[in-house]
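So this first bit is one chain, no partners, the form predicted alone, shown in structure tokens.
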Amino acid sequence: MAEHDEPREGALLLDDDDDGLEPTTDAGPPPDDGKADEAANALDEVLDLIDLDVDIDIREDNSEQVVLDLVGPDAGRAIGKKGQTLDALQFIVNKIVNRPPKSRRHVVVDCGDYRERHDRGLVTMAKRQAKKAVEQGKVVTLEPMSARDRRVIHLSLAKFEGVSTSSHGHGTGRRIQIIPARSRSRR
């Protein structure tokens, strides 16, 4: 496999199933490297500092990633607007846990399957917009979104017949364009 074909750390890997949401993982025993406990402790300290009343469940601990699930009265506040607080917590915990020269494992911070529900909504919206692009024969430009959300959409439409996708813009203003096959030849 070429170097650019290797999955990147933290990448959402998708199967060929219809909804494109099931992550693929190697089903092996979890390593005993202490990363799950270290990540949970780091997250607990950060949550105490921002005064959120949530508990942390280590929902999954496999060789590729650690999933920390937040439950409790402040779970909604832990998600934040469009998942921004979850993303920030995940970023901070990954920086704490994966400092060199230690081994690296991706930490996912979730709250009641928020990420799975959010991804399903993105895929549904992307397919609806792709159908619209094909029917109208026009490029459809989506609202700006995070890199993770753009990746979910690109992957969900990769095998959608009659369209291609491309990202345009910079930073927080980066958008996906869904391009119908007829428009592709004009470009």
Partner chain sequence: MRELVAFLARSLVDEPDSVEVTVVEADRATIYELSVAPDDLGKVIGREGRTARAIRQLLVVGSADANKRPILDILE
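Since the structure is predicted, the reported quantities are computational estimates derived from the model, not experimental observations. Throughout, rigid core stands for the largest set of C-alpha atoms superposing within 1.5 Å between the two forms. Residue numbers count along the first chain shown, from 1.
Separately, the form predicted together with its partner chain exists; it is not shown, and the next lines address it.
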property: In the predicted complex, segment of 127 to 135, 153 to 161, 114 to 122, 47 to 55 with a heavy atom within 4.5 Å of its partner chain; result: 47 to 55
property: Partner proximity in the predicted complex: V71 to its partner chain, non-hydrogen atom cutoff 4.5 Å; result: no
property: Contact of L89 with its partner chain in the predicted complex (heavy atom, 4.5 Å); result: yes
property: 4.5 angstroms heavy atom contact with its partner chain in the predicted complex for R77; result: yes
property: Distance check, S103 to its partner chain in the predicted complex, heavy atom within 4.5 Å; result: no
property: Heavy atom within 4.5 Å of its partner chain in the predicted complex - qualifying residues of 83 to 99; result: Q84, T85, A88, L89, F91, I92, K95, I96, R99
property: Threshold 2 Å Cα movement between this form and the one not shown for P100, core superposed; result: yes
